[in-house]
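Taking the form predicted alone, here's one chain by itself in C-alpha cells.
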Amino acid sequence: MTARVLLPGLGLLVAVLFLAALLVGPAGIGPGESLAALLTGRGEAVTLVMREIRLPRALLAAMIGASLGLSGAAMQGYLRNPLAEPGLIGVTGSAALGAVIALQTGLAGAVALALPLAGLAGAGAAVALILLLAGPRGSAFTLILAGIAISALAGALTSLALNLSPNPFAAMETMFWMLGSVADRSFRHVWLALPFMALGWAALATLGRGLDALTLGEDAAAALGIRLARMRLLLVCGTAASVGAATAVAGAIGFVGLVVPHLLRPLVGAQPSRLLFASALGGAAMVLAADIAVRVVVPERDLKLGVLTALVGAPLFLHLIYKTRREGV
C-alpha cells in the first residue's frame, strides 16, 4: 500500500475517532446538541462538558498516541530491532518516578501542575543520565544497556517510594495514576505537554533519511554522510520530549509504540522514513479508540486507558510474533 493511500486513510480514521471521542460520554448528550455546544457555545452546562472535559481529553489522547507511535517507529528504525519501544531508554519510568515523588511528598496536592512538571523533570533527568552513560560516540548496544539500567533504577526507586509510603491513600492514588488515563485532564495539561511534544515530533521527523540509510548498516550510513552521533542525540531528545510529556500528563500507557509500527510496517514496504508518519497517525488512532472503549465497555467503572492498551496490545503482539515465526519457518 502506497503512502498516498495509507496516510490519508489513517488521517481520516483519526478524524472519525476524534469526532467520536467528542460525542461519546456518560453525560447522555445528543450528537447535534454536543456539536452545537462545542461550536457555538449554546447551553452553558453542555458547553462546559464539551469544551472543558471532552475536547481536552480527545486532544490529549491524539497527542499521546502520536507521540508513542512516532517514537516507537523511530526507536525501532534506529536500533533495527522490532522489539524496541519508547520506554527502552528509560524515559517512561523516569517520568513516572518524578510524578510518584510529587504524589508521595504532597507536592501534587499543593501545586496544581506539580504532578506533570515533576514528570517532565524526571524525563529530563533520564536524558541527561543516558547521554552521560552512553557517551557521545557510544553504539546502539550501549544506548540499550544504558536505557535498561535507567529503567531498572527508576522502577526500583518507584517501588521503594510506594513501599515506604506512610499514607495508604497516597500509595493507592499513585498506583491508579501509573495505570495511565486521560480522564479529568484540562487544557492546562494540553498546553503544558504540547510544546514538549511538538519539539519531540520535530526532532524525530528529521530522522527519516538517516533511518533509511541505517538499514544498510552503520558503516554504510556513515559513508552516505549520516552523522550517527547527531542522529542518536535527536532520537534520544525527541523521544524524551514527546514520550516524557505524554507520561507526565497521563501516566504510563504501554504497547502503543511497540505494536503500531509492527502493524503498519508491511504497508509501507518496511521503509523507516514512511513508517514514522504512518505510526504517528496509527498511534493517535489507537489511543483515541482505546479511550472511547474505556467509556463504553464499563462506563460505571473507572477502567484505565493503560490497562486497556496492555490487554489489547499484548495478545496482538504475541500474535504478530507467532505470525513472524511461521513465516520465517
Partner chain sequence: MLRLDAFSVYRGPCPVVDDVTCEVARGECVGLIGPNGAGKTTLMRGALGLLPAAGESSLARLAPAERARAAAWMPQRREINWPVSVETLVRLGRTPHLPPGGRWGAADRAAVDHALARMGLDAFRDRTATQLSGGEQARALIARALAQEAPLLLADEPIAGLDPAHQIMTMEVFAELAAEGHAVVVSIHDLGLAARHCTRLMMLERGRLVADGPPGEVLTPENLARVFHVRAHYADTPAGPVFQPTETIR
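This is a predicted model, so every value here is computed, not measured. Numbering follows the first chain given and starts at 1.
Only in words, not in the display: the form predicted in complex with the partner chain, which the text now covers.
When the partner chain is considered in the predicted bound form, only one residue from Ser139, Ser159, Thr206, Asn81 comes within 4.5 Å through any heavy atom, namely Asn81. Between the options Leu179, Val127, Ala170, Ile226, the residue in contact with the partner chain in the predicted bound form by a heavy atom within 4.5 angstroms is Ile226. This chain is displayed without the partner chain, yet in the predicted bound form the stretch 218 to 226 from 218 to 226, 231 to 239, 94 to 102, 252 to 260 comes within 4.5 Å of it by heavy atoms. Against the partner chain in the predicted bound form, the set Gly77, Ala213 and Pro272 is in full contact: each member has a heavy atom within 4.5 Å.
In the predicted bound form, the partner chain sits within 4.5 Å of a heavy atom belonging to Arg265.
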